[in-house]
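Encoded as structure tokens, the following chain is the form predicted alone, with no partner shown.
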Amino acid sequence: MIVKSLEFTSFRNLQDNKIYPVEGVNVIYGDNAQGKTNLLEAVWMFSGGHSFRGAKESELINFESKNSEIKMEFFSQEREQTASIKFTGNKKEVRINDVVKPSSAYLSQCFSAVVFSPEHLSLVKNGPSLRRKFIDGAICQQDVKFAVLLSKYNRTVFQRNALLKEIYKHPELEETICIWDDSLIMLGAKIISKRLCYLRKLQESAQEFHKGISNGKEELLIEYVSSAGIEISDNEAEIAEKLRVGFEKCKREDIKLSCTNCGAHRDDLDFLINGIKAKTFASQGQQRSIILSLKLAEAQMLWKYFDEPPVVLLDDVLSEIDRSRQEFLLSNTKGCQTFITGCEVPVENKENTKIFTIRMGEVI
């Protein structure tokens, strides 16, 4: 996949412009707080319509404007294509090849990207929500229906929690919990089944990358940590049964705490190096090796799925890793169009490289 042009109007602090990246390496260079990440964010939006920084749609609009628009011309699926996203308040209109789409999730079916950001470097030791976000986001790029499934599940959790709070005042409502349980078990089993399927493939690829980074000295293992005792080999029916047992077991605690303590929204990932939990014992260098392995594996899986390389976005991460890891990352993203942000030019080989300078939102 190749970004041919990127146009932005009233997007974040970026001054209205249209840029033409090269197929190789595109360096976005400038001081801090000038808009480098905003430019990467604009590209990333076309992989699924959501900010990798978790920003709301209204936050993507320049303070002086009521709406914003980004447009992209790109080569994908053996043809030239176009896409645009218009933001108005907390709403957005998505067009692909001039056809309005009902959801921004449809963008991921014609354009894919992998982003490395400083936030990901804390993926190993931070809370479980970041790890769930990582795996769910990766699956959404391959399966447009998965985003809909997640949305339904999260709404159901919210409704069940609202009921749990009412039971304290109206104990007779307790008998209606099973209605929400049935929905969460059905939706949760589908979500977890897809996570496990993706994880099995991700681990195989990530292990190979990690061996390369560690020169064969370390072995990476990824475990799925389930609130209901689900194992990576379980099928959807087995997952549903374990969830049913888990919901029944947690019922009294759920009522007491007014929240749902079992299900896909409570699950986590554990990373192990040579059988030892990285969360507790891994050095900073080892943690970063794990992240590089995971993101490179994600890129490789997207490449296989779409039968063409994804666009790679490196948001100020090269300054956070040592020289050997920099070289490993750049050598394993060859063949992908790459965008790199930083306060200095991080590439020595200027062949097929274009440098964009940003000053106060102006892209030069």
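No experiment lies behind these values; they were computed from the predicted model shown. All residue numbers refer to positions in the sequence shown, first residue = 1.
Note that the form predicted in complex with a small molecule isn't included here; everything after this is about it.
Residue-level question: is residue 59 within 4.5 Å of the small molecule in the predicted bound form, judged on heavy atoms?
Output for residue 59 is yes: heavy atoms within 4.5 Å of the small molecule.
Can you check whether residue 343 is within 4.5 Å of the small molecule in the predicted bound form, heavy atom basis?
Heavy-atom contact with the small molecule at 4.5 Å: present for residue 343.
Is it the case that residue 17, even though its partner is missing from this view, gets within 4.5 Å of the small molecule in the predicted bound form, heavy atoms only?
No, residue 17 is distant from the partner.
Interface membership of residue 324, the small molecule in the predicted bound form, 4.5 Å heavy atom rule
Outside the cut-off, so no.
Heavy atom within 4.5 Å of the small molecule in the predicted bound form - residue from 332, 338, 38, 300
The option sitting close enough to the partner is 38.
Given the stretches 303-311, 26-34, 324-332, 43-51, which is the single one in contact with the small molecule in the predicted bound form, using a heavy atom cutoff of 4.5 Å?
Partner-contacting stretch among the options: 26-34.
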